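Coming up is one lone chain in structure tokens, specifically the form predicted alone.
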Amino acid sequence: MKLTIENLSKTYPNGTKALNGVNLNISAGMFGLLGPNGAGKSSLMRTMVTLQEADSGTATLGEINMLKDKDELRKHIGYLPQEFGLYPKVSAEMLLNHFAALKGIHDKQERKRTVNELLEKVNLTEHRKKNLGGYSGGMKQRFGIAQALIGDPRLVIVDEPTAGLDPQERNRFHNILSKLGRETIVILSTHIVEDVKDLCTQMAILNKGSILTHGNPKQLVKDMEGQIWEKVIDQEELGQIRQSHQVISDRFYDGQTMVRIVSTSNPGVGFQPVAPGLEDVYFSHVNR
């Protein structure tokens, strides 16, 4: 199974160019779509799950034309949006049963078996009778994944799934996504670099509607070896350094500013070479 996107573009009526000739080839596994807020990630996700039309380009999932065969596509995709509403006075078991019926599972026993398996998969079995209004943020996200998995989708898309989760719930969610990625295409859309580093074997960086780079996260980091430099400076020096170097990040450190730059050669006095990380890859492209 393969997802292929070619020259996909979308401009909104207000003139905002959300997608600008996006090209991606994604195979089974965890794929990280990394970019800042407003980069076009949600626009790409919404286009792929048939919630909006593209202006031009093509997208296929296996043999399915994602932009034209929408009814067929909906049978094979699962989607967890960044924000989604739940009926607070309905139990997880009842709402999953309802969603399964909407998805086309009409046999009562099959629906019951599906709901039980999904609740077990996302570790909510013991909370199955509890009203969703009493769920924590992490439990709601796990329920969101459960509804996205109804019907054994071939493509699962999750948009900013760990934002706002505490470390324990974030780890639980990571474990669920990792298991999913063994069998299907899972696209993780996020601005959290750590999520991509921990989970994904392939990734792309999207900003202002365009793909800036893509590949294996470890290889992208390796490609930057010998190019990342750090220096502790006074805050007043930052403007001058920005004029003469490609600054990828700066942060306060012990009352002073630690500046991090990209340079293929020694940038001068005071700069020390440091090992690159995925954040350096991300910032070097987004801040370029």
Partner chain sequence: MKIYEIVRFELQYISKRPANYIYFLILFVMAFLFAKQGIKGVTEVSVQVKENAPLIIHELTAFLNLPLLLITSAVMGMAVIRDFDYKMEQLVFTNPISKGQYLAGRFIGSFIVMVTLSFAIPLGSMAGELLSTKPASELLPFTPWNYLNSFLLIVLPNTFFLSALYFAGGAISKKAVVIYTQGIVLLIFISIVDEGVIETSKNLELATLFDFYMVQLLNLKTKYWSAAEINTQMVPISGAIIINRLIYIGVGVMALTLTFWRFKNTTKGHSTKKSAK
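All figures in this text were calculated on a predicted structure; none of them were measured in a lab. Residue numbers count along the first chain shown, from 1. Rigid core here is just the name for the largest C-alpha set that superposes within 1.5 Å across the two forms.
Beyond what is shown, the protein has a form predicted in complex with its partner chain; the following relates to that form.
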Picking from 193-201, 70-78, 118-126, 171-179, which part of the chain touches its partner chain in the predicted bound form when contact means heavy atoms within 4.5 Å? 70-78
Check, residue by residue, if 254, 259 and 271 all come within 4.5 Å of its partner chain in the predicted bound form, counting heavy atoms only. no
Give a yes or no for residue 113: in the predicted bound form, does one of its heavy atoms lie within 4.5 Å of a heavy atom belonging to its partner chain? no
So in the predicted bound form, does any heavy atom of residue 167 sit within 4.5 Å of its partner chain? no
Heavy atom to heavy atom, is residue 98 within 4.5 Å of its partner chain in the predicted bound form? yes
is_contact(residue 84, its partner chain) in the predicted bound form, heavy atom dist at most 4.5 Å: yes
Who in 86-120 is close to its partner chain in the predicted bound form, meaning a heavy atom within 4.5 Å? 86, 87, 88, 89, 90, 94, 95, 97, 98, 99, 101, 102, 103, 104, 106
Taking the rigid core as reference, does residue 175 move its C-alpha 2 Å or further between the shown form and the other one? no
Rigid core superposed: residue 137 CA moves 2 Å or more between the shown form and the other one: yes
